[in-house]
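Below, in structure tokens: the form predicted alone, a single chain.
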Amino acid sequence: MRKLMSVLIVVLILGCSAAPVLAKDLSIIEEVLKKVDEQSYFPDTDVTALMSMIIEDPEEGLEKIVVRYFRRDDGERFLLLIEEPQTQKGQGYLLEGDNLWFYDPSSRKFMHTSLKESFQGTDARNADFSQLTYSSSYKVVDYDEGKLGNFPVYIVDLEAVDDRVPYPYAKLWITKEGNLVLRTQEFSLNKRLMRSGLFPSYARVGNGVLPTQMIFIDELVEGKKTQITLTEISTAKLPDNVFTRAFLERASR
């Protein structure tokens, strides 16, 4: 009898351990990412805004940068023109499809740069000012459900599938209602946390949405962060020549 019971226990244990675990349906989150990207894409309108950046650095102290922001998603273009401080006034960035140029009026030269690079040494990356590409640049590895403050969210783990994005791994907190990214964490190749992002406010722009406040936190340097606020948002049509190197040169004088 004891031998029979022992056999039954072993069978039950093996049976339990072999029970199939239901896989999560990652296609749900893939659709969410598509919606996130779609509502941050403005194919039928231009976007203009004034960006104010407050940089907090434990060594350098406080710094403010004011940037005029021009964006046209049809053709993947944006232009960033620095207005303050005086020492950087006239410097600018121009994205033309796959090419991102930095212009320095003191040398009157254009230099090729990358969307991955830091914007003017801040915690923002040049990629933060272009349209989102989560659904095409990343694959969903896993997800969970939870709350961020009072908002029910999907907590999504991503792995990059192309080299355009600044970080190979990311974690997103996306609202279930509205598909808004409220928080991000970005990781290096060895999965070390490099940067966190907070997006506490959005504005409706045409049929999409645009974050009007972004806070990027350097996770490697304690106390270092960059806060970006967008004001004076407009969807007025811009002349085609705005998104040219000639315009950037003229505007920098």
Partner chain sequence: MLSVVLKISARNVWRQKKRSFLLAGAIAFSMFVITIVNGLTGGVVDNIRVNFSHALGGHVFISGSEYREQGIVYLIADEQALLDSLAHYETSIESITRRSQAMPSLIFGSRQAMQLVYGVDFSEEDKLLSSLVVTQGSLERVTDEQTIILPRTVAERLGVEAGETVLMRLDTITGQRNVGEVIVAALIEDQERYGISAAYVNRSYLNSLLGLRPEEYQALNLFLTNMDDADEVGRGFREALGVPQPATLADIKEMDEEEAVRELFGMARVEEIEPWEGIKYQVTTINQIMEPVEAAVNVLRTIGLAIFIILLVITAVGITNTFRMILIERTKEIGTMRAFGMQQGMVRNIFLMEALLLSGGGALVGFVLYGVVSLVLGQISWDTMPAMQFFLDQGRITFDATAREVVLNTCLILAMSLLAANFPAKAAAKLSPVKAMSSNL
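Fair warning: this is a prediction, and the values are worked out from it, not measured in the lab. Positions refer to the first chain, counted from 1.
One more form of this protein should be noted, the form predicted together with its partner chain, which is absent from this view; the next part is about it.
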Checklist entry - Is there a non-hydrogen atom of residue 90 within 4.5 angstroms of a non-hydrogen atom of its partner chain in the predicted complex? => result no
Next on the checklist: Whether residue 150 contacts its partner chain in the predicted complex should be assessed with a 4.5 Å heavy atom distance threshold; does it?
Outcome noted: no
Next on the checklist: Is residue 107 part of the interface with its partner chain in the predicted complex - any heavy atom within 4.5 Å?
Outcome noted: yes
Checklist entry - Would residue 139 sit within 4.5 Å of its partner chain in the predicted complex, counting heavy atoms only? => result no
Item to check | Heavy atom distance at most 4.5 Å to its partner chain in the predicted complex, all of 35, 77 and 251 | outcome: no
Next on the checklist: Which is the contacting stretch out of 177-185, 163-171, 139-147, 67-75, given heavy atoms within 4.5 Å of its partner chain in the predicted complex?
Outcome noted: 163-171
Next on the checklist: To verify the annotation, which of these, 26, 194, 50, 203, has a non-hydrogen atom within 4.5 Å of its partner chain in the predicted complex?
Outcome noted: 194
Checklist entry - Though the partner is not shown here, which residues of 217-247 have a heavy atom within 4.5 Å of its partner chain in the predicted complex? => result 218, 220, 221, 222, 224, 245
